[in-house]
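This document opens with one chain alone, in structure tokens, the form predicted alone.
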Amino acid sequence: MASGTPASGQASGQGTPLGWAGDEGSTRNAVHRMFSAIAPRYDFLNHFLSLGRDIAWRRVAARALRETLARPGSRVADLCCGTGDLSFCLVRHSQGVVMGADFCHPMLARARNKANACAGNIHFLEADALHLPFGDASIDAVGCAFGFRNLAHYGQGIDEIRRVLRPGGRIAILEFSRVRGRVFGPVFRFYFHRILPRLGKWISGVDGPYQYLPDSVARFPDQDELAQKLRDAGFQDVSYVNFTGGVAALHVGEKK
């Protein structure tokens, strides 16, 4: 989307390729503009382009945190929540409060509209995932679905999650990942790089965001690399499960 030099660390995969080198603010603005532009068709495109599999993946991510969610008074945050789909999955298991956080106001507006039909204790707030408005060790679990790869710096995002989590707090990151199958892999990559961007542009009427999708996934750490980043940041019992041959992966862990 943004012209000029990509965001810092492109070669090493430190963060999203949007924005100017070393400038978190320009990356933030570029991501904000992009998601504001596609907000009206975001939910439909997610379900259509994934053939509805994203719905099932979010449900599995929520179930990975259900033990924490079931505790009375639990505080669980859904970061980069977009229009709130993961938040609504989380609140179905919750005996406390679920807080969806995103810095894109048009996305949050849609999440809040959807929340009118939700009976659970759920709140949405405008917040940057790299600078969360939560106190140290104040959150019982953190989930993030298909938003982590849009951060300006992945390591900083992991550190911020660790800061707000209580000892023993759980993390669940659901994100696009690497498809490795000999047959399915090439077929999916052709769809992902050649067909999906054209479909996304045609349906959304916006040029760029759905070309950014495969570009950002190529930049994002693969399954093993992300698991190691979590371990290096001080998370334990880190594991992941692949969905649909690695199209997406769910990483879970616990703060020491």
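Note that the coordinates shown come from a computational prediction; the quantities given were computed from them, not determined experimentally. Numbers for residues come from their place in the sequence shown, where the first is 1.
One more form of this protein should be noted, the form predicted in complex with a small molecule, which is absent from this view; the next part is about it.
For the options F103, F124, Y154, F88, the one in contact with the small molecule in the predicted bound form, meaning a heavy atom within 4.5 Å, is F103.
When you look in the predicted bound form, the only residue of N46, S204, S216, Q223 with a non-hydrogen atom within 4.5 Å of the small molecule is N46. Contact between M107 and the small molecule in the predicted bound form is found at the 4.5 Å heavy atom cutoff.
Although the partner is absent here, A129 is a contact residue: one of its heavy atoms lies within 4.5 angstroms of the small molecule in the predicted bound form. The shortest heavy atom separation between V76 and the small molecule in the predicted bound form exceeds 4.5 Å.
Taking the partner from elsewhere, A111 is found to have every heavy atom lying beyond 4.5 Å of the small molecule in the predicted bound form. Heavy atoms within 4.5 Å of the small molecule in the predicted bound form are found in one stretch of 116-124, 88-96, 140-148, 164-172, which is 140-148. Contact annotation for the candidate site: A62, F235 and H251 all lie away from the small molecule in the predicted bound form (no heavy atom within 4.5 Å).
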